[in-house]
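The chain below stands alone and is given as structure tokens, in the form predicted alone.
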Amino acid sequence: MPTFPLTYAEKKRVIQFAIVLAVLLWIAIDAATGGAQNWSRVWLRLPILLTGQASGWPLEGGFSLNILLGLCAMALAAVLGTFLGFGMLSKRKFIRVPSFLVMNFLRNSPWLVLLFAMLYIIPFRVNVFGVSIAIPAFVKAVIGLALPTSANFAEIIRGAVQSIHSGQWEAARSLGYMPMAIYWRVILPQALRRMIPGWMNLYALLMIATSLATVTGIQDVITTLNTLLAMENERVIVYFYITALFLFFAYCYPIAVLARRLEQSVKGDTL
């Protein structure tokens, strides 16, 4: 039984319960006033939204393509961001300054503009030793999303490494560790724990941003949705968009919640 005044956690639970109740109430009223027929249209098309196929298999597009795009872009961003992050931590100015400039340029560039830029900067075909290789739009979308993500990933690495107390460095040096050994054996194991929540938040943000990749022409959930809407009447459109919003929410919200819990768990780390 809650006591008044409510704590922050209790207020949060009350608000979440009120939101869920309002959504359920809206769905019930909408179904009673004829919305059930519109939801049945959405249910009929749901396999196409999820997989790009009416039968639901094989996975050729839809929301599953957004998930694949997010995972590929995150993997590429992790590699690029690691180089950028450690470049900014370098003691050598000719490495540190360019890394800092590249990170700031990518981090402050609109994601949509970078996607358009990659669409036209990267050629549609390349010749390698006389063999012509096509570069699909999916690859361009991965690179276009990975670039700004890598800049944010680099900042996560830099912040986590610099958050380790200087006493850790001094203690490792006094034991005779070389700089690389200090990184691998002392700093990174501690910094990695602090990187994970930021990394997960960044992945959730990247997953939301995959909806922008529709400009490259890939058959993601937004492109599929637009194709479906051409075959539906105007009254059903809002139901399809609500479904697309729910798909992103259902995928990203658990990641954000887990990231927040991990953040709470690392707050008490001894510096």
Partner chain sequence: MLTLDYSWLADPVYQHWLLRGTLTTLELAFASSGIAIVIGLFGALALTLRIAWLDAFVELFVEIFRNTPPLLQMLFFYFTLSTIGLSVTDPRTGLSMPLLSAFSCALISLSLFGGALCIEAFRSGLESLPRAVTEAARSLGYTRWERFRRIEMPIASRICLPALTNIMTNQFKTTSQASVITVPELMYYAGQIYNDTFRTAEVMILVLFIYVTLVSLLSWGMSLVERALAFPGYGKGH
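Here the structure is a predicted model, which is why all the values come from computation and not from measurement. C-alpha atoms forming the largest set that superposes within 1.5 Å between two forms make up the rigid core. Positions refer to the first chain, counted from 1.
Not on display, but discussed next: the form predicted together with its partner chain.
Check for me: heavy atom within 4.5 Å of its partner chain in the predicted bound form, for each of Leu212, Tyr253 and Ala256, yes or no.
Contact check passed for all of Leu212, Tyr253 and Ala256.
Pick the stretch from 71-79, 100-108, 124-132, 177-185 whose residues have a heavy atom within 4.5 Å of its partner chain in the predicted bound form.
Result of the contact check: 100-108.
Contact with its partner chain in the predicted bound form for Leu24, defined as at least one heavy atom pair within 4.5 Å: yes or no?
Output for Leu24 is no: heavy atoms all beyond 4.5 Å of its partner chain.
In the predicted bound form, is there a heavy atom of its partner chain that lies within 4.5 Å of any heavy atom of Tyr241, even though the partner is absent here?
Judged by the heavy-atom cut-off of 4.5 Å, Tyr241 is in contact with its partner chain in the predicted bound form.
Within a 4.5 Å heavy atom cut-off, is Trp169 in contact with its partner chain in the predicted bound form?
Outside the cut-off, so no.
Hey, in the predicted bound form, does Leu225 get a heavy atom within 4.5 angstroms of its partner chain?
Leu225: contacts its partner chain in the predicted bound form.
Between Met200, Leu89, Ala137, Ala117, only one gets a heavy atom within 4.5 angstroms of its partner chain in the predicted bound form; which residue is that?
Filtering the options by heavy-atom distance leaves Ala117.
Consider the chain as shown here, without its partner, and state which of Ile237, Leu59, Ile67, Val42 has a heavy atom within 4.5 Å of its partner chain in the predicted bound form.
Checked against the cut-off, the match is Ile237.
What residues, if any, in 8-24 have a non-hydrogen atom within 4.5 angstroms of its partner chain in the predicted bound form?
Those in contact are Tyr8, Lys11, Lys12, Ile15, Gln16, Ile19.
Phe17: CA shift of at least 2 Å between this form and the one not shown after core fit?
Yes, because once the rigid core is superposed, the C-alpha of Phe17 moves 2 Å or more between this form and the one not shown.
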